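Read the single chain below, which is given as structure tokens and is the form predicted alone.
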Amino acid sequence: MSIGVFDSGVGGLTVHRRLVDRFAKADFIYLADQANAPYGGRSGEEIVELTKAGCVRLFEAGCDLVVLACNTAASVALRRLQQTWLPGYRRELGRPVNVLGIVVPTIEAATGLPWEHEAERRGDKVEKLDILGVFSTPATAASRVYEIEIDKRRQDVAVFSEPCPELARMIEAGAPRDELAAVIEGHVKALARRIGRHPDRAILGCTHYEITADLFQAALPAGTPLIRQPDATADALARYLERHPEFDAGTGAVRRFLTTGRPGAQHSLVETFWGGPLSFEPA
């Protein structure tokens, strides 16, 4: 069987690239819902339905596991799909399937703690706060998933989210780097104004943004650590597969790329990131 990787567009390729590097013999199918991208400005119900449709397409293609390489889908839809849809769908298929996300691994990387850990609430004053900035789509920022879940685990970390309404769309369309740099610099400055200073660390809370990680690094103060979602997701998937041998990742090194949008070659920004030509088949 294969591992599915799902995103609204090409941003999930940043996670997919790391998974392919980490699990070289495994079979992967990538699905980009480019006909409906980006998800960041859509309603919660739309995001849930589109995410479910993408998962169904990947399960039908032979995947046992699907990784939601999209912060918006993982933040808004994952828990609901796991609780209300997957149990019945597993019975219907007659085989074990599951959907994983990238938010949990990112929070584990940001806190240095396992997901199961919850901090004891104390009245002690925190001497020094670690300021964590999160750059994300409006839907991810509105969900407050990073603020809520990190606060449960670390009272010494203060999270501030900066929604970036147009950035994923610009990256998806292959906007020039100077235009991307100007938009990113504007968001970094806006976050710093709200906080009163620059964050100590930052999460690129949309997988599209990883394609422009160097531009974020240039806009932030030198040496600001970026929490890399692709690395965190690859580590988490390795642990999951060790715990769940019932999921077969395959051994044929199959690589398929599907899209609900325009099939064929992708733009140069994506190909430069990927390291070579990349062509999508119709989903």
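Worth saying up front: this structure is predicted, and the values here are computed from it rather than measured. Heads up: residue numbers just count along the shown sequence, starting at 1.
Missing here is the form predicted in complex with D-glutamic acid; even so, the following discussion is about that form.
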Report whether the minimum heavy atom distance between residue 168 and D-glutamic acid in the predicted complex is within 4.5 Å.
yes
Just checking whether residue 54 would be counted as a contact of D-glutamic acid in the predicted complex - the rule being heavy atoms within 4.5 angstroms.
no
Does residue 38 reach D-glutamic acid in the predicted complex if we count a contact as any heavy atom within 4.5 Å?
yes
Of the candidate stretches 65-73, 235-243, 251-259, 212-220, the one with residues having heavy atoms within 4.5 Å of D-glutamic acid in the predicted complex is 65-73
